[in-house]
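Okay, so here's just one chain, in structure tokens, the form predicted on its own.
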Amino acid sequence: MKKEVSRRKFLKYMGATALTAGSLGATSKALGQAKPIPKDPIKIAAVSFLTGAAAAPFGIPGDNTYKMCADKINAEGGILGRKIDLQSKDEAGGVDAQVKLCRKLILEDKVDVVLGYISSASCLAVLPLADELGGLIVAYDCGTHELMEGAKSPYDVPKFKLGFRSKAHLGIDNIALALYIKKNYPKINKIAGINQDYAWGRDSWLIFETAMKKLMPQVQMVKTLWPPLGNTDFTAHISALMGSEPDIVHSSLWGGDAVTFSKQALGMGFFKKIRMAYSRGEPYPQEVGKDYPEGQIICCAGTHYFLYTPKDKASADLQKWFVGEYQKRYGKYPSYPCYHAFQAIFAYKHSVEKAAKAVGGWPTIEEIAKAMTGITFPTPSGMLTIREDHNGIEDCLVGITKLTPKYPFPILDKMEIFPAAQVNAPIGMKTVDWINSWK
């Protein structure tokens, strides 16, 4: 049952919000003062895996996109006339290394904002530093649903005042997969899972299994495997999965692990008998090439797909530019980490501009954070909203791999879009609790 809010309390809340936003600009104008805009460049630290198994399919595409977007923004005059000084940093080295790097970026290098992190473990360790150190951090790719959950109601403060995530969490991937399976494969009996043995893999399976049990309680979970992150030999896992004879195997494998698994499974005839359902499989048909098997269920971590056309014109125009420019520069089509990087850097740009309009000049970090809360802006994937809990919400696209003569790798067929409201838990409600509340 939804908590009722009195009309008086609602008007008080809305009035306070309006007063806060309006008074920032009104005070400056009343005093006849304008906040100066610095002339030096904006220091943006972009943190992604630039080395290691996650670099090629994730980190480098994300970093390429940051560079491409910074070039676009600078060519158009920068942000309020200030050009971007983009500083690419490597996420490799583990959690302790990332905590140390983040402290240096904020306290010593004095960057204006940190955009980064693919690993959920990195985000869980680093994002709390935003409030501790007084620096703005926007998580651009990490997926764990645990990162932002904790606010009790829309009227409570977010978990982090200066920490944001400019995309949706793994809930959308696994809920959308479950909904797609129920609609398109209603007669299946058995499902197995292979997920990496750490927060990302465990959380992904938890959400998927919870959704499947709610949507298709008759389906039996016959095998769950937990290979370590960075595993190089999946042959025993593949044999075990084949032996359990599932109809579908769920997986959140990513990076080099996903590519290695796919190639080894191909060699063992796995895909002739079993269908995979990848929660974030969008990059891998392009990574593996024409040998990637048809008929696999692929989720795109949102509507992040180079053949998707958003409904609104502003986003559709951005998508046309984005796909064309990325392919021109890098010889590949953008994958979902690219879209996530776009969202992060433009979330910062739009928030600075929104805050500057309110305060009459260059805003403080706190004013930028206030502007980012609740902002909506166009992206190549469609309109993106960053909610009051500082979490992005998105629609989600799922499809089936199919070879065509036009592309040297399978593209997605039978695509379906699941609206944001269908796959994102409401503010103040934990994802598992929300799924369990479905009727």
Partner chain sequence: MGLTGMVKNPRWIVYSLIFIALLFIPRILSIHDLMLFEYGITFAIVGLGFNLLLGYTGLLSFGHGAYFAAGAYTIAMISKYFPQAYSLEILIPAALFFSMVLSIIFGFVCVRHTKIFFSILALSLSMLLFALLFKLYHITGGSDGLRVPLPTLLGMSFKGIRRPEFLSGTYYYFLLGMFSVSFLVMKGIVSSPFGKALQAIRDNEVRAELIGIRVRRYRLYAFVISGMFVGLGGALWTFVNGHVTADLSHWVFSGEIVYMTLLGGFGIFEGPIVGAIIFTYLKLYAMGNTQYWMFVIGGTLIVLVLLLPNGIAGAFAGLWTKIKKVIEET
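Positions refer to the first chain, counted from 1. A quick note: this is a predicted structure, and the numbers were derived from the prediction, not measured.
Although it is not shown, the form predicted in complex with its partner chain is what the next lines describe.
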| said: Given a 4.5 Å cut-off on heavy atoms, tell me which of 337-345, 193-201, 302-310, 74-82 is the interface stretch with its partner chain in the model of the complex. | reply: 193-201
| in the model of the complex, the one of Ala358, Ala316, Ala125, Ile274 near its partner chain [non-hydrogen atom within 4.5 angstroms] | Ala125
| message | I'd like to know whether Lys320 contacts its partner chain in the model of the complex, with contact meaning heavy atoms within 4.5 angstroms. | response | no
| Do Gly134 and its partner chain share at least one heavy atom pair within 4.5 Å in the model of the complex? | yes
| said: Can you tell me if Leu179 lies within 4.5 angstroms of its partner chain in the model of the complex, counting non-hydrogen atoms only? | reply: no
| According to a 4.5 angstroms non-hydrogen atom cut-off, is Lys183 in contact with its partner chain in the model of the complex? | no
| message | At 4.5 Å by heavy atoms, is each residue in Thr51, Lys104 and Glu108 next to its partner chain in the model of the complex? | response | yes
| Residues in 80-109 with any heavy atom within 4.5 Å of its partner chain in the model of the complex | Val95, Asp96, Ala97, Val99, Lys100, Arg103, Lys104, Leu107, Glu108
